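Below you'll find only one chain, the form predicted alone, shown as structure tokens.
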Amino acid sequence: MDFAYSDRTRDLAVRLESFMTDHVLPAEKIYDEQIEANDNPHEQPQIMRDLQKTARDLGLWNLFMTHDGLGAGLTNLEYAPLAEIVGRSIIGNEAINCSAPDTGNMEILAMYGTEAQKAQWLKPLLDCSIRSAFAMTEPAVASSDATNITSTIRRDGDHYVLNGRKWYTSGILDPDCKLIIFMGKSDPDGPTYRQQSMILVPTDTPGIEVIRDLPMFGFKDRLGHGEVQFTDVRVPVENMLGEEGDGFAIAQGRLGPGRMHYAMRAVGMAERALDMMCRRAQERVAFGGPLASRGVVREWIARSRIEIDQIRLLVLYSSWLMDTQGNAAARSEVAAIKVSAMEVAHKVVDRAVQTYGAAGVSNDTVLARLHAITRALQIADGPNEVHLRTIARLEVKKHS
């Protein structure tokens, strides 16, 4: 195996580093200020529209997409280092149209959508002229086990009728959100993993009610995490994604590469936190010397460097496996990077918060938000315990 950067990755990495340094990182404060100034806090601020135009002009657009000759056509291994670079900023992904939930939604539209569905939804998502939401998680059941889902998709002539309550439906409050991918049970009496389906739902369909916007550890996401009630929502049968009963398989296909994206962005978050920690430790003086001279702080820095390098190598290995042997062959490794990357990123951010003291828990730095994000992502996209269960089951199977 060879983790050396390809020529394409080297070229894109240089351009992406410059874009992040010259445009994205300086825009973070402006982004927040414009959101606060907007009448609707979920409306995309002008600075982001400007960043996206610059990213397009620089050829840094849809880098994640590999299907059907769309996007940059990078392999997972080629994209992973780029995801790390972008992950250093909480607005970096949006700037290059590589942010959730749109990335996963675009991937499954490319994989399972009909030509008509791609023309109606995938093309405008790739252009970022619309946004989308993903409605899978439910408040009343443990949605980490997708077979628990209670929302229903019932055939009625030329339509399907949807009912159920979802929450943490990411992206739903963005005024540009025009599409919801809804997961529900279409055959509750069928085989366990053929009961669920996914269907495309325009957001202006009658019967959709956003109950509230849900924060994460007190932070409200610009795209919104909605609790949404679906009551007798009628959509045409041609809106079914794939075939009836494909929902569980589609969900699994959606989450594999997405977990690599999450993990490599977590490496980027950890790198930024470590950089901030080192700077603070050199500049801050306590008890007669800089914090960097204190043994405990030096150990934090050393352990952070070791742990970040370890998870980066594991993510690159997982990406290589997905590229060379397929997502199924990398199932254990993909589960491992989801657990380890988020745990390490959270640990490094936590050390940086401690190094900053009171400033670390304030909103004067990005650390408080990174702390919340890295903790929340140990639950989102499948909690750590589910991934550990998968790893253990696959490991034990080797010895059966």
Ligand SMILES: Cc1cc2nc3c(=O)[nH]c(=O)nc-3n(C[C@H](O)[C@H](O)[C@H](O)COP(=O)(O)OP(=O)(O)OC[C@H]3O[C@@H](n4cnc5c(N)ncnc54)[C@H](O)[C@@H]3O)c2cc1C
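Residue numbers here begin at 1 and follow the sequence given. This one's a predicted model, so the numbers in the text were calculated from it and none came from an experiment.
From this point on, the text means the form predicted together with this ligand, which you will not see here.
> Which of 71-79, 305-313, 161-169, 120-128 has heavy atoms within 4.5 Å of this ligand in the predicted complex?
Replying inline: Selected stretch: 161-169.
>> With the partner left out here, check for me: in the predicted complex, does some heavy atom of H23 sit within 4.5 Å of this ligand?
In response: No - in the predicted complex, heavy atoms of H23 and this ligand never come within 4.5 Å of each other.
> Does I211 make contact with this ligand in the predicted complex, using a 4.5 Å heavy atom cut-off?
Replying inline: Outside the cut-off, so no.
> Are any of the heavy atoms in R15 no more than 4.5 Å from a heavy atom of this ligand in the predicted complex?
Replying inline: Answer no; every heavy atom of R15 is more than 4.5 Å from this ligand in the predicted complex.
> So, in the predicted complex, is A142 in contact with this ligand at a 4.5 angstroms heavy atom limit?
Replying inline: A142: yes, in contact with this ligand in the predicted complex.
> Given that this ligand is left out here, which of C98, M106, A330, A135 has a heavy atom within 4.5 Å of it in the predicted complex?
Replying inline: Here the answer is residue option A135.
>> Is this ligand in the predicted complex close enough to H225, G382 and V386 that every residue in that trio has a heavy atom within 4.5 angstroms of it?
In response: Yes: each residue has a heavy atom within 4.5 Å of the partner.
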